[in-house]
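Here we start with a single chain on its own, the form predicted alone, put down as structure tokens.
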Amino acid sequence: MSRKLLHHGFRAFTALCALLACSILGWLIFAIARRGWPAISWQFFTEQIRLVGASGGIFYNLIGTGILLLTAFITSSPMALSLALLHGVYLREGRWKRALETLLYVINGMPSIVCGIFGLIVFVQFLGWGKSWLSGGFLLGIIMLPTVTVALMERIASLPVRYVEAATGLGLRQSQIIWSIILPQSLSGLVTGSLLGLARAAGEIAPIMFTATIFAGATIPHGVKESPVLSLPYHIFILAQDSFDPSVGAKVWGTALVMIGLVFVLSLIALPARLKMHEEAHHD
């Protein structure tokens, strides 16, 4: 009886904690939406920044954020796919698999400011890319790499063994098995991990602050080196820190609302793919 009571008590406590967390999150989103909605308009999305953020919109900030996220996706996908195949196909000993998993967890837990300094030293200075969309996008790709890789590793691990055994019995080589069986079946893991990683990368400030973004004066980049872009998170950071104008305050809340909407959309798109992946793994 005491064990059953403890079990129900623990379930009630976890449900209460989840309800509390969701309530706080809902309150924060409501507060941001209430303050930011008055700034939302067609001009807000189609005009560039003017008067140090007091006027204009976030058009080039949206463009710059999209360029950074697209570069991050293109950068992280092949690296994540290679690491996931290394973990699930080529590594036989458990200690090497654990070492790779530990490395991914270390990268995932690295503070953003440390990642930004790393990008500044390696990409901006050592490689000579300067502050550019390429430096920032490549760095964001490294930051989201653990999320994409772990999602792919989970999907590869959930593939039925009989698929590989049947392909082996037909005489397919390992490379053919990878291209014909593992990669097509792992596509949902790549999509899910990429969307979740992009949702995190969209809100990063420190990495792109050191490597890719400026506050004003940039439009669409016309080169690779020394081609900074505008971005949504850095726009929010600068306006919130340096301006006390009420009209600028509305722009800050409006930009924050757009950021939340972007992250929400990416996470929402990833949810069905994630659920489908778990359903397929359970069914198999």
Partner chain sequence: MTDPILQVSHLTIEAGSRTLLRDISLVIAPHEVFTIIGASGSGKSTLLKSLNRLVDLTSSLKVSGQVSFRGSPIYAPGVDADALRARIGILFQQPVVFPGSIAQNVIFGVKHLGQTRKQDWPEIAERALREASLWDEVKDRLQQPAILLSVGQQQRLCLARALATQPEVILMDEPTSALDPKSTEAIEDLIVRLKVKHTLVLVTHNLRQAQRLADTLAFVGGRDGAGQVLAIGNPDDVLSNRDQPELAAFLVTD
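Everything quoted here is computed from the prediction, not taken from an experiment. Positions refer to the first chain, counted from 1.
One more form of this protein should be noted, the form predicted in complex with the partner chain, which is absent from this view; the next part is about it.
Here is the short version: of Q185, N108, S112, T75, the single residue with a heavy atom within 4.5 Å of the partner chain in the predicted complex is Q185. Only one segment in the set 119 to 127, 159 to 167, 143 to 151, 191 to 199 has any non-hydrogen atom within 4.5 angstroms of the partner chain in the predicted complex, and it is 159 to 167. Proximity of G171 to the partner chain in the predicted complex: non-hydrogen atoms within 4.5 Å are present.
Under a 4.5 angstroms non-hydrogen atom cutoff, the partner chain in the predicted complex has Q176 among its neighbouring residues. Contact annotation: R92 falls within 4.5 Å of the partner chain in the predicted complex, judged by heavy atom distances. The shortest heavy atom separation between S180 and the partner chain in the predicted complex is within 4.5 Å.
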